[in-house]
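In the form predicted alone, a lone chain appears below as structure tokens.
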Amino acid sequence: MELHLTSEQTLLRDSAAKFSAAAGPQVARAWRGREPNFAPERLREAGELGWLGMLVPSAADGLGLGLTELALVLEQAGRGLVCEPIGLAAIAAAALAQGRAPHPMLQRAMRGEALVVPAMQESAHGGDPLAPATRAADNGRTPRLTGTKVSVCAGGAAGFLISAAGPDGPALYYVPRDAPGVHVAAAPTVEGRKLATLTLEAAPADIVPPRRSSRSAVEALTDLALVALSAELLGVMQGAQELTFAYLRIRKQFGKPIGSFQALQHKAVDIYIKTETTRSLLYQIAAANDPYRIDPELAVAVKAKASEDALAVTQACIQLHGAIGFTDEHDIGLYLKRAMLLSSLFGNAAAQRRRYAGIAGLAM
């Protein structure tokens, strides 16, 4: 798909590409197993560039941009294996800006001084985000949350945006990491960073009201997360493709570049088609939807496609590298591991298809 960008969007993409070029596989490899697994000063740099507040309305000191701009930045982040959680931080800032009065944490979150991340997943296999098992008890003063969230990118986080069943249905709450009753248990992933299980025992929380145009704050943040993760998965596919196609041009066998072999050309075409069809779907959805009111069917569809195709593309890229691609020392494996992590967050492809069937009223 050929994107027709404005001059401002082109500058934004090029700026994101420059930021991502300072990262790359070697930097990602160096951050594996560390806590936090990113450079806080780089997150602050992203805040200074305005990226963390790009979806925040200008009335709340944000840039007031849309999903296309978010996708352009996150595609480059995925392409460069950027470790800083720019996407999660940006959508959290957008959520904090929803009410009539922005949340007190908004300014710090937009500047990258404090990392706020969503904590909404309650099962490794997805589940219904609009029917959380976590409960909010309101004693008339401060809501208190009780429940468990999984697959939380808690490394370096100062607070969490948590979905819970409130008196009037599912609602979104902000909980500081150091609040009483908050317990964080982190475990390593195949990608090298840690995901946490967040246990809440009557933890005090602030409710985050929805934007007027949103169906609910929980649904708005969930669908926004699906689009953001899809954009980063697209970048992972693009980065793996570029690395692999370069290898096909320089690696020789029988005196010829292996890229001249028809069987490998066919597999390369499959990789290209999967990447471009994902790109086409993502940017069409981005152009047609408001960040605070994304069509849930489209958000689910793009996350299902991006999750499945990113795994297929990165696995095929490893195969095209031959035996060297299976070693941990080669950079191509980092793209597969990043795809495995991102595809699992907020539900993998199978979980998204189940949710799509429920939204569309289809029998499975």
Partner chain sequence: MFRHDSPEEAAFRSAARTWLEANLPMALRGRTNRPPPAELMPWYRTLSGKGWIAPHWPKEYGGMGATLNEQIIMAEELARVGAPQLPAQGLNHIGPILIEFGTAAQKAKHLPPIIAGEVIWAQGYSEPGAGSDLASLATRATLAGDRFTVQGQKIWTTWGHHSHWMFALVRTDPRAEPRHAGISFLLLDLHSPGVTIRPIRTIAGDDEFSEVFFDNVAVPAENLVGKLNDGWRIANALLGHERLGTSNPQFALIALERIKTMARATGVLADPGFRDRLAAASIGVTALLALFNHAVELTNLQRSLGPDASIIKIYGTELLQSLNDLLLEAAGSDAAMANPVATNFGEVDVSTPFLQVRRATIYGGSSEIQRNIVARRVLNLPQ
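A quick note: this is a predicted structure, and the numbers were derived from the prediction, not measured. Positions refer to the first chain, counted from 1.
If you look for the form predicted in complex with the partner chain, you will not find it shown, but the lines that follow are about it.
- By the criterion of a heavy atom within 4.5 Å, residue 276 is counted among the residues contacting the partner chain in the model of the complex.
- Although the partner is absent here, residue 280 sits close enough that one of its heavy atoms falls within 4.5 Å of the partner chain in the model of the complex.
- The shortest heavy atom separation between residue 181 and the partner chain in the model of the complex exceeds 4.5 Å.
- Not displayed here, the partner chain is kept clear of residue 359 by more than 4.5 Å at the level of heavy atoms in the model of the complex.
- Remark: of stretches 188-196, 224-232, 167-175, 88-96, the one touching the partner chain in the model of the complex is 188-196 (heavy atom within 4.5 Å).
- Only one of 248, 208, 130, 114 comes within 4.5 Å of the partner chain in the model of the complex through a heavy atom, and that residue is 248.
- Taking the partner chain as positioned in the model of the complex, the residues of 2-38 that bring a heavy atom within 4.5 Å of it are, in sequence order, 2, 3, 4.
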